[in-house]
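There is one chain below, alone, in structure tokens, taken in the form predicted on its own.
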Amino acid sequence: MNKHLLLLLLASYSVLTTFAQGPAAAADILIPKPTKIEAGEGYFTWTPGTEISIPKNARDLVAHSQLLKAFWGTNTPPAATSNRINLKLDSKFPSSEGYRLSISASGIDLTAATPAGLFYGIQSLLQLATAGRESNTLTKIAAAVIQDQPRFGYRGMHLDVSRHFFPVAFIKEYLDMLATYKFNYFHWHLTDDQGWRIEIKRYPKLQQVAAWREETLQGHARNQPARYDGRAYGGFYTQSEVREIVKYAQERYITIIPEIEMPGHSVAVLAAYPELACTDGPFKVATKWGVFEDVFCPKEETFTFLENVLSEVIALFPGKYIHIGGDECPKTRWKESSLAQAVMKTNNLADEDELQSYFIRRIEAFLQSKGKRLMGWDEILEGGLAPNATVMSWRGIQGGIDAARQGHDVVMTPTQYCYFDYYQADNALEPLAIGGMLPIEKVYSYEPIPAELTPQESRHILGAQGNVWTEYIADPADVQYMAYARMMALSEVVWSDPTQKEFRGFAQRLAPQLNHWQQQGINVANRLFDLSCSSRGLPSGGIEVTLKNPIGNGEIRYELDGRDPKPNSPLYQEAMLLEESALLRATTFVDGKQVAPVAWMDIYHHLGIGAKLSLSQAPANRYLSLAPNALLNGVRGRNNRFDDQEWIGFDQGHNLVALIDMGTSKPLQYLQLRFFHQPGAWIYAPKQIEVYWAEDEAGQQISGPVRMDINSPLDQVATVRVPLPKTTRFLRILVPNAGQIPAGQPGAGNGAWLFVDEIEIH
């Protein structure tokens, strides 16, 4: 155990205030939650004189014993004396990674079938000891029998070091955190368009050229015009450093999976070796984020290069998997390349998707010849999957379903549950992120086995993985903030019995650990007291507002006039009914102290509240959290965030077609609509809208169309007002998608997105 993690464990007793009155029950502490816990009577007293015994013939267990000795204790041969911690191997134990931890007043017995099982048992024991430490010479651990084993054999975390490079010391800290919470795979994303991060001795330009970019994008990639910092950036891990990290991981029973991207995300390589491209270049290491047209050309020189690179990679990583990426590979250069087209003709390939499959199959054959298995993102399904490939399903769950049905192993890592570069709280104080919203409770709710699979197909789901992409995560503190808390939630997804999962209990166990990390200077995100605000229109015309925090503790105080709440502000106890507009501000207090940022919701009451709304075309699933209710709930979307829950997104080719039934004819003056306009994110306000009204659903009177003038490419929220007749019951609104993105704009040639928030009726 390294010094950092040891200090973390030793110091945490001071902030585990939940358990300050004595030894804590295991059920109140452990993360991930064990399979079975039986509480006992009394407690075990751990002092500096406590002895730790291991079998004489089990040298592999010395490292485990040292973890405990580092906390307290001496290392001795097995004996039957009291005040002893005994580590035992038992080949009859039913699970290779499971363990049995028996704690009584007379001693502690930790039994497992393998050293890995003992290691996981030690992690649980150290959590118990940390919570029960009462002084520098005394720790009390409540008596219990813990029977535990993981649900999945693959429990993974990922880290992208290409977009931003992290030092060896931090990689070790990251591995320590994985080990503490019983993860056993580390997916190391070593190469991408923005930098090559591993030394390859045969190709020195990978270190000299591909590892360095001339500058880095500042702000979000969708912001226009783009800004850069003007500073060279880069770095790489030497093969000696890689071996050091691999050994460090092995000591913690973590297998490292290196990722070498191909055939796309290869611009950094092409900058160093342009002869591997389909065009002459020139190329430079990418300075911004995104997907680039230039990719590896499927020529023999390319395969020779990649096989030589992979040979050096294979020599460094003893695990069975090599990840080759395979995602986001544009086919433009292949379509334009006579060489690529000749390869297709020679190999009877129907299209460029099959050419990608051909590319992947050749790499898989090489890896198999070296005793390795190929792993790739779910795009490797396109054109036909390589025979023995393992798929990582990231674009939702469908890729995993398809691969499992074809008999392939799958690691589930869908964006909506497993992308820890997404925002984790909906407040203006969050650091810049790529987008999306993934609060910790949503991570915890994830079920990796899709309901669509049969029991036989489900056996191919190896487990799940959390991904940390670092376009907007520039240093170790940023990784800590974005990953560590959500990593805890994922640990129970992949380890614990799903029938025993319950978020409120998890949050209670998580809270003292988060407090500790913050006090120790670890930049972990503690969002357990952050409020979420939601509203819905009622048939009565009122607006029901609900406030809650993930942990369910503390006092929620609020104001309705825009002032920040104080400890003596009104106490929220149940859903509020608002009959008029309000500027809601709310936060959580514990013992009179504010423990969360102020959450806000500006509520605009209008005549459409409570009306019946139906949409003829469904919004995109990823922007569907409240739809269609978000369009008539009295709340506008944020002016600077299209990915909050109030903006509803329609993807390429889909329109907003809404029918609103007011219930009875009402005197109306105007209709107001707002549209997000951000060309850098492929989002365009419409050129025109059409509004129809009628006294009955069948009849129509045409109002327009009403045209909008959106000439500026700059980001903005466009607002339009449409005059209405004096009385009407039904409103039909048609907002056409802007269509194809024009030349010269980001995403040119693709379909635009349409984003709308509240439909206000006055």
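All residue numbers refer to positions in the sequence shown, first residue = 1. Keep in mind that this is a model prediction, so the values were computed, not measured.
What comes next is about the form predicted in complex with a small molecule, which does not appear here.
Only one of D643, E471, D148, D530 lies close to the small molecule in the predicted complex, with a heavy atom inside 4.5 Å, and it is E471. Checking V598, L560, I200, I434 for any heavy atom within 4.5 Å of the small molecule in the predicted complex turns up a single hit: I434.
Although the partner is absent here, F165 is not a contact residue: none of its heavy atoms lies within 4.5 angstroms of the small molecule in the predicted complex. Not displayed here, the small molecule is approached by W377 to within 4.5 Å at the level of heavy atoms in the predicted complex. In the predicted complex, the small molecule stays beyond 4.5 Å of every heavy atom belonging to K182.
Using a 4.5 Å cutoff between non-hydrogen atoms, D421 counts as a contact of the small molecule in the predicted complex. Stretch 327-335 is the answer when you ask which of 327-335, 543-551, 634-642, 295-303 has residues with heavy atoms within 4.5 Å of the small molecule in the predicted complex.
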